[in-house]
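We begin with a single chain expressed as structure tokens, specifically the form predicted on its own.
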């Protein structure tokens, strides 16, 4: 019996050591010096594959700078609208943070944690130039959006507010499929965050235009594992430091400044704490 007790205690100690090794996100990243970031590879201009086959974008540059300031090597992991939350929820998480043009919503906050807002966007519609004379025209058009996003919910609600009790909004699996549906004529307009729409419209200059005013505010947060305050603080402090020393605006202007391919004026400032 004594031998069995000793064996059981030894097994418990091994299990405890394994849990301790996995540890909170902050401790793991500081120990391994590797930061795994979930980033889209279809979200122009946040994370996408360019003509040189390089993975680039605003989120890529932000993640790279965060990793550098934390003294870690960045390891990029592809996520999409269906995996960007689940990859943070696994135990241990498949990624330590997610930068994937993800709006910080209360319903998402029930599943994962978020950083302070690091990008300020809003949702609009994109259609062929001249196709929409008045925003009310959208009510009876075939609209495309993306599965697993708040965009499709917002678009449906907005079309109902224009008078269509049963709007036709088709959800596509990612930005590429959504834009291809518009380009091929399967839908007459698409709706998601305006910067994403600008990114894809820039692929065929002069063919498409943004329509109407913003139908929603889309404050982007970095998705983080639930209940790891040390890691959340580290990310928030790093974002605030990047803003204070000008690095954030350097990255922002590279992708969204007036001389960039996707000009989008800054609409707010990052939250700073004394």
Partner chain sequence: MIKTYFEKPPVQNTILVGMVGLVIYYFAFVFEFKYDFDWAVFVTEGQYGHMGHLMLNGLNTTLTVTFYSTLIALACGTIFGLARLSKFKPVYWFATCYVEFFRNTPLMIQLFFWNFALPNAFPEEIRFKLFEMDFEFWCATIGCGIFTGAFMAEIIRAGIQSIPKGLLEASYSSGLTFTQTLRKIILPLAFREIIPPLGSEFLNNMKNTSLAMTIGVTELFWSMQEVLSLTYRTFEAIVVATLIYLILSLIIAGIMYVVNEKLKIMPRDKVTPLRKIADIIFWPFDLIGQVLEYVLWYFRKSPDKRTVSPITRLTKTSVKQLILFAKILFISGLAYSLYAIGMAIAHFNFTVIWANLPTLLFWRFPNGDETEFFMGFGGLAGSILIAIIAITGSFFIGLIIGMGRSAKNRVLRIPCTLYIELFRGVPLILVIFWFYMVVLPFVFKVYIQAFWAGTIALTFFFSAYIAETVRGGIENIPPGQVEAAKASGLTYFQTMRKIILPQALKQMLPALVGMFIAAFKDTSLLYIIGVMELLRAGYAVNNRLMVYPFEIYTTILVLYFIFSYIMSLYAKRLERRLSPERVRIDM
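Residue numbers count along the first chain shown, from 1. Just so you know, these numbers come straight off a predicted model, no measurement behind them.
Just so you know, the form predicted together with its partner chain exists too; it's not on screen, but the next bit is about it.
- Partner proximity in the model of the complex, defined as non-hydrogen atoms within 4.5 angstroms of its partner chain, places exactly one of 57-65, 211-219, 237-245, 42-50 at the interface: 42-50.
- The shortest heavy atom separation between residue 91 and its partner chain in the model of the complex is within 4.5 Å.
- When its partner chain is considered in the model of the complex, residue 117 lies well away from it, no heavy atom lying within 4.5 Å.
- Not displayed here, its partner chain is kept clear of residue 163 by more than 4.5 Å at the level of heavy atoms in the model of the complex.
- Although the partner is absent here, residue 176 sits close enough that one of its heavy atoms falls within 4.5 Å of its partner chain in the model of the complex.
- Although its partner chain is omitted here, in the model of the complex all of 83, 87 and 200 have a heavy atom within 4.5 Å of it.
- Residues are counted as partner-facing when one of their heavy atoms sits within 4.5 Å of its partner chain in the model of the complex; in 141-165 these are 142, 147, 148, 149, 150, 152, 153, in sequence order.
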